[in-house]
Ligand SMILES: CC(=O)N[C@H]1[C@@H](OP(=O)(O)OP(=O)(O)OC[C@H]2O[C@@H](n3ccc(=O)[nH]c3=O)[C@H](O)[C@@H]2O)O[C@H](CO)[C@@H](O)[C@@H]1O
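A lone chain, given as structure tokens: the form predicted on its own.
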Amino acid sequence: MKAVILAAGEGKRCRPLTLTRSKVMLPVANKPILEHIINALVKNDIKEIILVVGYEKERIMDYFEDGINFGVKIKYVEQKAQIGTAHAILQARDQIGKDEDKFIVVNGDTIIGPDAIADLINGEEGDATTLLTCKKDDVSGYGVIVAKGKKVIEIIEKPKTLISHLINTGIYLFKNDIFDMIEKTSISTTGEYAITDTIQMMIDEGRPVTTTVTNAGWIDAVYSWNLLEANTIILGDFETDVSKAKIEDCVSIKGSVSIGKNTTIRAGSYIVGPVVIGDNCDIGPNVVILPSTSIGNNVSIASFSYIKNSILMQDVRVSTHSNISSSVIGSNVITGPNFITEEGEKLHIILENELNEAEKLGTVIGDDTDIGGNVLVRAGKMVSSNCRISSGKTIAEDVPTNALIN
């Protein structure tokens, strides 16, 4: 069986991180979201993958290439205009071919476990289109499935009242006739061709559409701060491996900690897992790293710094006496000494003209930003890409792209 992964969108609600990469390439536990999806497919013996790319496609193609290093065979098709999921799936028609009886479609910006894919495959019934669903108490912001037994009656996008606890995961098992149905789909009020509209049309025409419910791992990182929750969950499956690292004397390591090759952990450092640290890093001396932290490749963290529940991407430089909590730091960010991210809970954040709530957050900093010494970022305030912030500043408002704060 082949799988189509939809990876063409930007992910605007994850800005500023997606100003320089697509959402599918955001790292969780030091691997892009898309890599976690591919690994889940491989564990179900699905190794022919069609990637529908668009926004920042070169970054995806350079990383995955032909897929051989990931145990799969990847073919790429481009969605030149991001005008909906149905339109994206249609781009894969030629690669699927007429002889392919069925195939899987996965949204490339959600993290799934192999058991979720297995549940979808095992839930197939005859000629029916199959939707993978899961149950959530809070269904706001999701597409909701109304079903009678396994039969899908209706798909309702983001209902304002509680109709069902079954939400659409964006993972489907389709038959080849889905392409003909997509061509009959009308454009929605949002200007897109949505696959949920196609499926609803199939339901209205009396075609069989069923749902299978999964209790397996499925994480939808809608906003940049959701990456922290996803990171915590994925790190829970890691095992300790420090065999390739250089660990100096008087280092304390507790819990599940994975450290990459050519990484040095200097004397007096204290690490409590789950934590993953990449290759070619220089940590310490006397650095504290606490649970649910991912540190990418080529990162240096200078002495007497404290990192907790955070994601530091590649090529980050953290100077001495810094305190980073519940934050996501983009690639190639440099901070001066005494850099502090204030941590807050149940923060109200305006993003894309919508008011959203973050359960717990320090800050999110975009790529290529240079921050001076003695800088404090207030809880929930975001710093965009390619910014320059002088020493001694308190950041109490969001900082736009290319900003210079003297």
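This one's a predicted model, so the numbers in the text were calculated from it and none came from an experiment. All residue numbers refer to positions in the sequence shown, first residue = 1.
If you look for the form predicted in complex with the ligand, you will not find it shown, but the lines that follow are about it.
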- Query: 135-143, 68-76, 289-297, 271-279: which one contacts the ligand in the model of the complex at 4.5 Å, heavy atom to heavy atom?
  - Reply: 135-143
- Task: State yes or no: in the model of the complex, is some non-hydrogen atom of Gly108 no more than 4.5 angstroms from a non-hydrogen atom of the ligand?
- Result: yes
- Taking heavy atoms and a 4.5 Å cut-off, does Gly170 contact the ligand in the model of the complex? yes
- Message: Can you work out whether Val399 and the ligand are in contact in the model of the complex, taking contact to mean some heavy atom pair no more than 4.5 Å apart?
- Response: no
- Message: Taking the ligand as it sits in the model of the complex, is Asp220 in contact with it (heavy atom to heavy atom, 4.5 Å or less)?
- Response: yes
- With the partner omitted here, the residue among Ala216, Ala128, Ile253, Ile83 that in the model of the complex has a heavy atom within 4.5 Å of the ligand is Ile83
- Along 177-202, which positions have a non-hydrogen atom within 4.5 Å of the ligand in the model of the complex? Ala194, Ile195, Thr196
